[in-house]
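What follows is a single chain, given as structure tokens, in the form predicted alone.
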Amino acid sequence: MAKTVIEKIIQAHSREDVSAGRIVWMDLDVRSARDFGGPNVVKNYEREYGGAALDDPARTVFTFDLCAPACTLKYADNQQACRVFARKRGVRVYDVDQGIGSHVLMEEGLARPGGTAVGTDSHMNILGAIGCFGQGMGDIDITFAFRMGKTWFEVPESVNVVLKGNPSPRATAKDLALFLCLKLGTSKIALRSAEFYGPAVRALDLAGRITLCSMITEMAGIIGFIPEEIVNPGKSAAAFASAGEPPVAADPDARYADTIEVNVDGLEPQIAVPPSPNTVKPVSEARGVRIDSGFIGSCTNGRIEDLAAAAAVLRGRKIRPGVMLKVVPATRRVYEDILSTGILKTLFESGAIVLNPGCGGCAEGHAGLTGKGEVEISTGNRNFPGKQGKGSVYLASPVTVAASCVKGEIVSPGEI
């Protein structure tokens, strides 16, 4: 039977016939846990399995990216508990200096096209950007995966999402992702796997694909794939061990639960206003909102392309007095790139605060928390009340964030 992308990947990791709606056992190429959830995995494993060996330590990793380095006693204890467990079991730890776990898995070649990976990260489905099935799971499920090297999974339906037309030259991958959050909401691809097609998708570089796929969670989807071969890899490509590998393609006669067409022709810069990533409008309609701070980074917009775009806006300009801009590279490799290319110097001279690699503004305990009454414009993927503190968070592209921090209020990038 003809199969969609997710069905083909799961089929290759299962000894059962795979089709939408079936519950199957799926072998896992990567089993990971981070500094949130990871300590519970350690406790669960020692309680349930004692000294029993992991299925495959070489396929098992810890990644510390939420509170990196630890800035609370709880996180310090939790990270150390994971380190001790890893030393005993021969497990690799990508520690607090390495960056966002999902990005590290891609850079190190652990997550590859056609592979499967799970972790204690709700945005593990970002791996769909390189054609790898990724899924965030709870600590009980990850504990089982550590021990057995597999998990059960209900094969989701697949939806064919076709983007019609070409966005304006002013629109970025983040603007496209936000617009899809508006158009797809939290129902049209809910609990489904989405495959994206069309010229606007085909034009995305690898960093842009990461941006789009990182926001599938905010659309309530299981995962998003871009099956078409990448045309413009972008600056990040050299950092990915799987760069150049062809993605998994759906069979020509694969069956989809639905086909959704979205017109993106002439799309202008977009912004998600509080209280949801799905309350999206053109940036021009939010123009003039005073801001206190900005954040550029996260798994959605922390690649070299994102920081380079922001630096181009900030070059020769200063962050407005009274406004604080925090910049967090996704990984150590990205940090090295901005250091060697002069981007770090540009950001510093503009008045931005550049921090070590990690999740940054999306994580409690790292850069990006907001105080009561504070207004922040961020490249993150969530702006729910309380997610980053008591302030109000607007979501936008790196260039919109940079321009707004120069102006001191929300503006479109072309306005400065």
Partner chain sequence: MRSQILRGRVWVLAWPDGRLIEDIDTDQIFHNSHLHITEISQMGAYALGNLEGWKDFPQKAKPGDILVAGRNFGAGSSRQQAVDCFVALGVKGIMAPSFSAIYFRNAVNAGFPVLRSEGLERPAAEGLLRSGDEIEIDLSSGRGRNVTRNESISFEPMSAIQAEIYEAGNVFRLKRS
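Remember, predicted model here, so these are calculated numbers, not experimental data. Numbering follows the first chain given and starts at 1.
The protein also exists as the form predicted in complex with its partner chain; that form is not presented, and the subsequent description refers to it.
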Does each of 139, 153 and 384 have at least one heavy atom within 4.5 Å of its partner chain in the predicted bound form? yes
By the heavy atom within 4.5 Å rule, which residue out of 191, 289, 238, 162 makes contact with its partner chain in the predicted bound form? 191
Identify, from the list 143, 79, 293, 158, the residue with a heavy atom within 4.5 Å of its partner chain in the predicted bound form. 143
At the 4.5 Å heavy atom threshold, is residue 121 in contact with its partner chain in the predicted bound form? yes
Using a 4.5 angstroms cut-off on non-hydrogen atoms, would residue 49 count as touching its partner chain in the predicted bound form? yes
Does residue 39 reach its partner chain in the predicted bound form if we count a contact as any heavy atom within 4.5 Å? yes
How about residue 23: is it within 4.5 Å of its partner chain in the predicted bound form, going by heavy atoms? yes
Within 4.5 Å, heavy atoms only, one stretch in 322 to 330, 217 to 225, 174 to 182, 306 to 314 touches its partner chain in the predicted bound form. Which? 217 to 225
Which residues from 163 to 187 come close to its partner chain in the predicted bound form, meaning a heavy atom within 4.5 Å? 186, 187
